[in-house]
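Next up: just one chain, as structure tokens, the form predicted alone.
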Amino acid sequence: MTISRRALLGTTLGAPFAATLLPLASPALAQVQWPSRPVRVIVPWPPGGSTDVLARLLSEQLSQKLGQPFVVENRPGAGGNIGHDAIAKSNPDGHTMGPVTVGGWSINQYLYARLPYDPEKDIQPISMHWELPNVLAVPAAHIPATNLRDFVTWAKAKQGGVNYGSPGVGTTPHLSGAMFTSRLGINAVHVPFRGAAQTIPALLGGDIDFALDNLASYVPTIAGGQMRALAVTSAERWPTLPDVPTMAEAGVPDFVVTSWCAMAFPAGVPAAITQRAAAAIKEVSETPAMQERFLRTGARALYGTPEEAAARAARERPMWREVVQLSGARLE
């Protein structure tokens, strides 16, 4: 099965999220007394991964802007479902929020037999948070290929096939790897880990051959030369890796897949609080300093209205349903 050009290109290019929010200084939002105490930020992934790092960057800046601590609490497990469920079931008073990735919004309902939360009813989008490509990374000490074409040739010739790692079944790295190996006719076995903190040592030790993982987690090892970046899954070359080709440039057309994240409240938070939170995220994220900090970690800072975040999640669901079917993944 192949993924259609329309499905891949039409849903993942991440059109700019033009903000239509009122500034924090407007009279309407100035009357909203939020936050009135520390805000708990539930991160559904382990410490050190891209979602955790980028949530902490945003939380730090929101604390400074709004005058209350934004305290990060990691609740990993079950492909993010434990943390997503904790967000969904928290008190809807605006003092619990968290980053919900594309998996939580658009993938897990097709991957799991049942979810403890309904992504369309139980979680209230606040604003887009970030977007990043996946990068096809190989360990320089163990893989001789220096470009994607040579890697495909090497992988096809390797007796017994190759192994690729991801931070878990049903994540965008897993699904990207399944798409890649299926499209190229590579005999491959998926090896799931709990996160990039485990995947990267396995790569460097030669236990697995490659990963099509979130770029943010791989920036240090790519910069240090331990990993080779053979291609990125964005539509255009990534600003911080100008010498790394896109999948299309490397010979794999119609392969545009980005991971993204939106900040969210539980459903039921008053609209005025959601509007104020979205406005704060916009003001923080659109500053050149914040844009630069995100790029240095491998991501692009995004922002926008709650409606825009919800629309993107809905737009991508058909594509991810098809990709999950392609992968054959199913979890209880």
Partner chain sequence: MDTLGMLGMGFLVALSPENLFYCFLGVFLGTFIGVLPGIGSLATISMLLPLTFHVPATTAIIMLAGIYYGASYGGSTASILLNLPGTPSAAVACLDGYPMAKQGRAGVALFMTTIASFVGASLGIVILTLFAPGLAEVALSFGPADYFAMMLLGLVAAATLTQGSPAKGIAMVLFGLCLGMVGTDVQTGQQRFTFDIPYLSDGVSLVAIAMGIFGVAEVIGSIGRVTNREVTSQKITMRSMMPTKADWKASWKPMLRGTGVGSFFGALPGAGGTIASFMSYAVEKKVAKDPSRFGKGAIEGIAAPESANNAAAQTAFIPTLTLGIPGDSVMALMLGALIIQGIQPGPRLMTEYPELFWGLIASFWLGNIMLLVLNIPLIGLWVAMLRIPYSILYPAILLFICIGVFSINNSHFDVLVVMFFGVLGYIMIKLKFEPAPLLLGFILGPLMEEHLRRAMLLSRGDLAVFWERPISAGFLSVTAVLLLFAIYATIRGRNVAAALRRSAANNPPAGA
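Rigid core: the largest C-alpha set superposing within 1.5 Å between the two forms. Residue numbers count along the first chain shown, from 1. Owing to the predicted nature of the structure, the values given are computational and were not obtained by experimental measurement.
Beyond the structure shown, there is the form predicted in complex with the partner chain, which is absent from this document and is the topic of what follows.
None of the heavy atoms of P242 is located within 4.5 Å of the partner chain in the predicted bound form. Residue contact with the partner chain in the predicted bound form: P144 places no heavy atom within 4.5 Å of it. Using a 4.5 angstroms limit between non-hydrogen atoms, E60 touches the partner chain in the predicted bound form. At a distance threshold of 4.5 angstroms between non-hydrogen atoms, E73 is in contact with the partner chain in the predicted bound form. With the partner removed from view, the residue among I208, A229, I123, A155 that has a non-hydrogen atom within 4.5 Å of the partner chain in the predicted bound form turns out to be I208. For the residues L184, L115, A197, A248, the 4.5 Å heavy atom test against the partner chain in the predicted bound form is passed only by A197. The chain is drawn here without the partner chain; in the predicted bound form, the stretch among 303-311, 280-288, 44-52, 267-275 whose residues come within 4.5 Å of it by any heavy atom is 44-52. Every member of the trio A78, G161 and R296 reaches the partner chain in the predicted bound form with some non-hydrogen atom inside 4.5 Å.
Of the residues in 203-235, those that come within 4.5 Å of the partner chain in the predicted bound form through at least one heavy atom are, in sequence order, L204, G205, D207, I208, V219, P220, T221, A223, G224, Q226. In a rigid-core overlay of the protein, D93 has its C-alpha displaced by under 2 Å between this form and the one not shown. Comparing the forms between this form and the one not shown, the C-alpha position of G168 differs by 2 angstroms or more, with the core used for superposition. P125: CA moves less than 2 Å between this form and the one not shown after rigid-core fitting.
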